[in-house]
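Presented as structure tokens, the chain that follows is alone, the form predicted on its own.
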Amino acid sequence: MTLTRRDFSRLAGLATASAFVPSAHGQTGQHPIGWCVVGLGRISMDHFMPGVKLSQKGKIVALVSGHRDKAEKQATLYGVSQSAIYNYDNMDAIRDNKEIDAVYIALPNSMHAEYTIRSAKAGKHVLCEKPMATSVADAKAMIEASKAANRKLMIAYRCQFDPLHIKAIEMIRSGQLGQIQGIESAFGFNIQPGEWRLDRKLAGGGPLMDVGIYCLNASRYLTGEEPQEIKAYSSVIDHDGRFNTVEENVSWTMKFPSGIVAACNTTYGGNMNGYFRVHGAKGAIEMLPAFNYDGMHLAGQIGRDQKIDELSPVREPMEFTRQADHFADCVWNDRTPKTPGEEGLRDMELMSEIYQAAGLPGL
């Protein structure tokens, strides 16, 4: 997806008309958060940066990239000064750029820890993409560095800010579905050869680290519990050279303290449209798709008479707007983010357990 200035004008009009547009920053008396984007790939250029463009609480003020020509094009599009374009070697100089309040890390997984720690040491708050890191030790180091610098660290679990995900949680918490008995969730796709995600050194693992983490995180926030028992299986079915260092499939179950069992699947070998399904004593709900950038659909039945059939009003790239605006509020008001580093660390620990239960090396 390549956005032109005309596209941005259209999106801005959409934002103005939407009931989900964040409140103007003028109401807070604060200046917009200045974002430095580290890594110019698909998720940053096609999703996060357009999301910030719609925001009234933030703006793109700096870029870090190993490709100067690409960075210059993005700088022109977002009004970033040429002097605010950095490379990976001189990135530490962001400490001297007072326009930068926060850094968005959109690099391959193995680079998350290094650049989060460098950003924190430069005195900047950090919003880091998931998975948080490629090892539990690195995740802990990221948290420690942010605390030492007295900076915020948030992990980009955007689904936790989606109104339909929030509604599903509220329905479960309020008892509308009765006692929850089980959860099912899956997410996967048929990955193309040559993707960096197929290199364990860069990705840390296969589909579990990339898209399976959505199922893991959803099971945790839907139940509001932490799993106490995990069983898992892993397999490589397509011996075509793609899966020499990472798994192709992972399936796992998690038993929670209440007795709820979640059954999850993830793959790089075929298309699994991400979903979750929650079964309760009084009814059931399903979100399909559940983890897309927009178009989430919540459906279900409670008792004989109550049907649920709702489509999320949030449109791409506004999930990223909501996420960035939450972070801005946390910075302005000195609040802990909804999805802090500790949330990312917990998923890292659990993914390590899943790998070990499947007979693979832990993280």
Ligand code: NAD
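In case it trips you up, residue 1 is the first one in the sequence shown, and so on. Since this is a predicted model, take the numbers as computed values, not measurements.
Separately, the form predicted in complex with the ligand exists; it is not shown, and the next lines address it.
Participant: Does residue 43 reach the ligand in the predicted bound form if we count a contact as any heavy atom within 4.5 Å?
Facilitator: Residue 43: contacts the ligand in the predicted bound form.
Participant: So in the predicted bound form, does residue 70 come within 4.5 Å of the ligand, heavy atom to heavy atom?
Facilitator: Yes, residue 70 is a contact residue.
Participant: So in the predicted bound form, does residue 39 come within 4.5 Å of the ligand, heavy atom to heavy atom?
Facilitator: Although the ligand is absent here, residue 39 would touch it in the predicted bound form, with heavy atoms inside 4.5 Å.
Participant: Counting only non-hydrogen atoms and a 4.5 angstroms cut-off, does residue 125 reach the ligand in the predicted bound form?
Facilitator: Taking the distances in the predicted bound form, the answer for residue 125 is no, it never comes within 4.5 Å of the ligand.
Participant: Given a 4.5 Å cut-off on heavy atoms, tell me which of 138-146, 154-162, 278-286, 94-102 is the interface stretch with the ligand in the predicted bound form.
Facilitator: Only one stretch passes the 4.5 Å heavy-atom test: 154-162.
Participant: Consider the chain as shown here, without its partner, and state which of 274, 131, 269, 227 has a heavy atom within 4.5 Å of the ligand in the predicted bound form.
Facilitator: Contact residue from the list: 131.
Participant: Report the residue, out of 111, 85, 198, 261, that has at least one non-hydrogen atom within 4.5 angstroms of the ligand in the predicted bound form.
Facilitator: After the contact test, the surviving option is 111.
Participant: Using a 4.5 Å heavy atom cutoff, which residues in 332-363 contact the ligand in the predicted bound form? It's fine if the answer is none.
Facilitator: None of them.
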